[in-house]
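What follows is one chain in structure tokens, specifically the form predicted on its own.
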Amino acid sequence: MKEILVRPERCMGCRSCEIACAVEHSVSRDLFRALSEMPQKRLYVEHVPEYSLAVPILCRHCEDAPCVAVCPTGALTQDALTGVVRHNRDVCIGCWTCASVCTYGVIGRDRRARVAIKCDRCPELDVPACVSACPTRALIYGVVEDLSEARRAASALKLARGVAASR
């Protein structure tokens, strides 16, 4: 199962991911036409001045997602195979209960339509728009086990270099 993972040390706070997300969820799916549509993003780049960092915050599609559990109309459902939490705008009543229980604060509001909005991982794309737009690869899309294996190999290489240099 693929996930969007964040490498905050690579984020430069350019907000390309936010723009790509908003454009992908616009009617036209065109940057210039989307400006007049005012589409809403589904992830947020938060600046943390204490550490001079920007960190993309997005839906984690939690296992046993609390937003799904509290939705009174069943507008939020979780795919048993992929784990992706989907939102059905036609069933949503805009009660914001889902937003109040979201640990990451990433469920937004479409105030005009009075419904919740959240990351859907761009189901029509092979790679979510936010990931494709990230110029520094702070966002990556892959299988967690594969990504962990690559990170372990990189860490082992760093340690080996340190040991070899100290001989």
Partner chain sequence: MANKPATESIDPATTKMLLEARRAGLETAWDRFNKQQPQCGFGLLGICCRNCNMGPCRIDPFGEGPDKGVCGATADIIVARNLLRMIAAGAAAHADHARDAVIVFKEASEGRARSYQIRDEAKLRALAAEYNISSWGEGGGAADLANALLSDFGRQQGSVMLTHRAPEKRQRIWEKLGIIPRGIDREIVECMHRTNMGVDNDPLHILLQGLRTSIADGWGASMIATEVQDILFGTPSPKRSEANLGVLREDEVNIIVHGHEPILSEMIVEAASDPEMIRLAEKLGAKGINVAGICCTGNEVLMRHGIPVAGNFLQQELAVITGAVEAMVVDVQCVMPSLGSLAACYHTKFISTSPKAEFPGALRMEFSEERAAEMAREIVRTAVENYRNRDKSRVIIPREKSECMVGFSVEAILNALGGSPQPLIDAVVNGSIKGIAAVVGCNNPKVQHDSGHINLVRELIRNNVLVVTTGCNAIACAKAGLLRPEAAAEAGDGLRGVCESLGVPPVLHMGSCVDISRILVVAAAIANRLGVDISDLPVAGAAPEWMSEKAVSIGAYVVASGVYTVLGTVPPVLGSPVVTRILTKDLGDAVGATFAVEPDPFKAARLIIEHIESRRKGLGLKV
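Computed from a predicted structure; not experimentally measured. Numbering follows the first chain given and starts at 1.
What follows is about the form predicted together with the partner chain, which we do not show.
Undergrad: Judged by heavy atoms and a 4.5 Å cut-off, are G74, C98 and G105 together in contact with the partner chain in the predicted complex?
TA: Answer is no for this spot.
Undergrad: So the partner chain isn't shown here. In the predicted complex, which residue out of A34, I140, V115, V68 has a non-hydrogen atom within 4.5 Å of it?
TA: Only one listed residue qualifies here, and that residue is A34.
Undergrad: Determine whether any heavy atom of I19 comes within 4.5 Å of a heavy atom of the partner chain in the predicted complex, and answer yes or no.
TA: Contact with the partner chain, yes.
Undergrad: Using a 4.5 Å heavy atom cut-off, state whether A133 contacts the partner chain in the predicted complex.
TA: A133 belongs to the contact set for the partner chain.
Undergrad: Contact with the partner chain in the predicted complex for R15, defined as at least one heavy atom pair within 4.5 Å: yes or no?
TA: Heavy-atom contact with the partner chain at 4.5 Å: present for R15.
Undergrad: Is the gap between M38 and the partner chain in the predicted complex 4.5 Å or less for some heavy atom pair?
TA: Output for M38 is yes: heavy atoms within 4.5 Å of the partner chain.
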